[in-house]
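In the form predicted alone, a lone chain appears below as structure tokens.
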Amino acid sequence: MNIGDVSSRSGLPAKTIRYYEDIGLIKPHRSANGYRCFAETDLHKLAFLGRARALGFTIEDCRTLMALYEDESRASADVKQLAQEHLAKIQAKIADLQAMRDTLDELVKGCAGDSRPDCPILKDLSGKR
């Protein structure tokens, strides 16, 4: 398969596929004329990477996950630990976002939104209370 075919089948842009090759996540064969030749295994790895990235794993996490995926003697505990660490980061981000939402909700409710210049939102952003 060429890069267009694998891009279409994996759902990843060709630019992303080239990037993954540049950083060593995939290693497609090259034909005599230098074109990339992707095998089904490459397509499967790209789908794997796409799914991992969609779940928010970093490139380095993906590198680790790919190594674990390719290692048939891996311990599932290693995979689970990585996933648990990532889940904890996501949960912390959600908590931060909820706190931001609550603060902003309070500020919006406290603003009259009329023609007067007094605005609690701007006061809060400026650090004046």
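Being a predicted model, the structure only gives us computed values, none of them experimental. Definition used throughout: the rigid core is the maximal C-alpha set that superposes within 1.5 Å between two forms. One rule holds for the numbers: they count along the sequence shown, beginning at 1.
Beyond what is shown, the protein has a form predicted in complex with another copy of the chain; the following relates to that form.
Residue-level contact is defined here as any heavy atom of the residue lying within 4.5 Å of another copy of the chain in the predicted bound form; does Thr103 satisfy this criterion? Result yes; Thr103 sits at the interface with another copy of the chain in the predicted bound form.
Partner proximity in the predicted bound form: Asn33 to another copy of the chain, non-hydrogen atom cutoff 4.5 Å: No, Asn33 stays farther than 4.5 Å from another copy of the chain in the predicted bound form.
So in the predicted bound form, does Gly127 come within 4.5 Å of another copy of the chain, heavy atom to heavy atom? Because a heavy atom of Gly127 falls inside 4.5 Å of another copy of the chain in the predicted bound form, the answer is yes.
Do Asp118 and another copy of the chain share at least one heavy atom pair within 4.5 Å in the predicted bound form? Flag for Asp118 set to yes.
Heavy atoms within 4.5 Å of another copy of the chain in the predicted bound form is the criterion; list the residues of 54-85 that meet it. Going through 54-85 in order - heavy atoms within 4.5 Å of another copy of the chain in the predicted bound form - the hits are Ala54, Leu55, Gly56, Phe57, Leu65, Leu68, Tyr69, Glu72, Arg74, Ala75, Ser76, Ala77, Val79, Lys80, Ala83, Gln84.
Core-superposed C-alpha of Arg116 shifting 2 Å or more between the shown form and the other one: Yes, because once the rigid core is superposed, the C-alpha of Arg116 moves 2 Å or more between the shown form and the other one.
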